[in-house]
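Presented as structure tokens, the chain that follows is alone, the form predicted alone.
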Amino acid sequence: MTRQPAIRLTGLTKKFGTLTAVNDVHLTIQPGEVVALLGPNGAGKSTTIDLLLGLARPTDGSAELFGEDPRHAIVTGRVGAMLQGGALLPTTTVRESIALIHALHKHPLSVEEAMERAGVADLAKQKIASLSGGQMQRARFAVAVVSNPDLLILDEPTAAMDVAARHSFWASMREFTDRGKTVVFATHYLDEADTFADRIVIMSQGRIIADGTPSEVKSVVTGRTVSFTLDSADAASLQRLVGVTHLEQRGNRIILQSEDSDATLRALLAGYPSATDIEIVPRNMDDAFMALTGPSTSSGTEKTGASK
């Protein structure tokens, strides 16, 4: 028997008056995938999440979770969600908040395991109202995961977390995905998407403009970045070095985008032997994101270099 996709969006569209927030989105995510949903503010990410969770009705098209209506999949405990606007009762303790959701499901994790996974065991007796922003995010994660869902939807999960908490969160997430669970997360931290996602979906102006592995998405930008320190130099002459396509200067730090980093480096050292602290790195997810969602997309033209 063929497994149903964890998520299937077909022609999904949502309009608010004259504004089209989500525009004819088609997306299929299979069980076990870890998918990052990226896009600039206003791209339609949060609205898409609301639609696939049944929190809003589409103007056109449909959303299915495991072949079912989203609300049915959620009621049966197959879906957990951690949303930016997800409120917890301020007068309850962390443990009480998790226990409330635990009681609603047939095959949940224990409250203790959910707290351990979310890193909030030490906050069990603390009132929700007293939590910091990062602690609140971890409490929301515990509430999302306690039903032992097959699909976890996370909207900006590490917002307000410090670096240590972010690392702890993703370590816990690896344990979750290692069990074959499906995870979809929206984030502004592009390094998280690059590191933890199997697949990246980028939205802009309500449409999907790229869909592929991190490597496939990054392949829309070619070449490497050559950066170095130079006390005095004519920026115009550096711009003319072999292979250079773009130059940025930050004080005495020069950053060159090059289509042929080997040729650029040879020309740099021949013309500017006093250059120091030279670094050569591949173009990263930030570069690809900017290339795909930059000003040229405002005309409505889709950039499909990484699309499937």
Partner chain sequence: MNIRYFGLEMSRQLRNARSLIFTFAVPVAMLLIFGSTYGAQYDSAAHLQWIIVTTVQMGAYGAMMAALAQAFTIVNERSVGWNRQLRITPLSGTGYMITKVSSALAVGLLSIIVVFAVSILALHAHLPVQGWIMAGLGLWVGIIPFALIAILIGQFAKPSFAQPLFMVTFLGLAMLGGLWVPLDILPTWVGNVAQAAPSYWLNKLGQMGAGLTGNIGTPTIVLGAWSLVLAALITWRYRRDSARA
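Please read all numbers here as calculations on a predicted model, not as lab measurements. Residue numbers count along the first chain shown, from 1.
One more form of this protein, predicted together with the partner chain, exists but is not displayed; see below.
Of the candidates 183, 88, 123, 161, 88 is the one whose heavy atoms come within 4.5 Å of the partner chain in the model of the complex; the others do not. The partner is absent here; in the model of the complex, the one residue of 135, 148, 205, 97 having a heavy atom within 4.5 Å of the partner chain is 97.
Among heavy atoms of residue 246, none comes within 4.5 Å of the partner chain in the model of the complex. Taking the partner from the other structure, the partner chain in the model of the complex has a heavy atom within 4.5 Å of a heavy atom of residue 50. When the partner chain is considered in the model of the complex, residue 61 lies well away from it, no heavy atom lying within 4.5 Å.
Under a 4.5 angstroms non-hydrogen atom cutoff, the partner chain in the model of the complex has residue 55 among its neighbouring residues.
With the partner omitted here, the stretch from 115 to 123, 67 to 75, 210 to 218, 172 to 180 that lies within 4.5 Å of the partner chain by heavy atoms in the model of the complex is 67 to 75.
In the model of the complex, no residue of 5 to 30 lies within 4.5 Å of the partner chain by any heavy atom.
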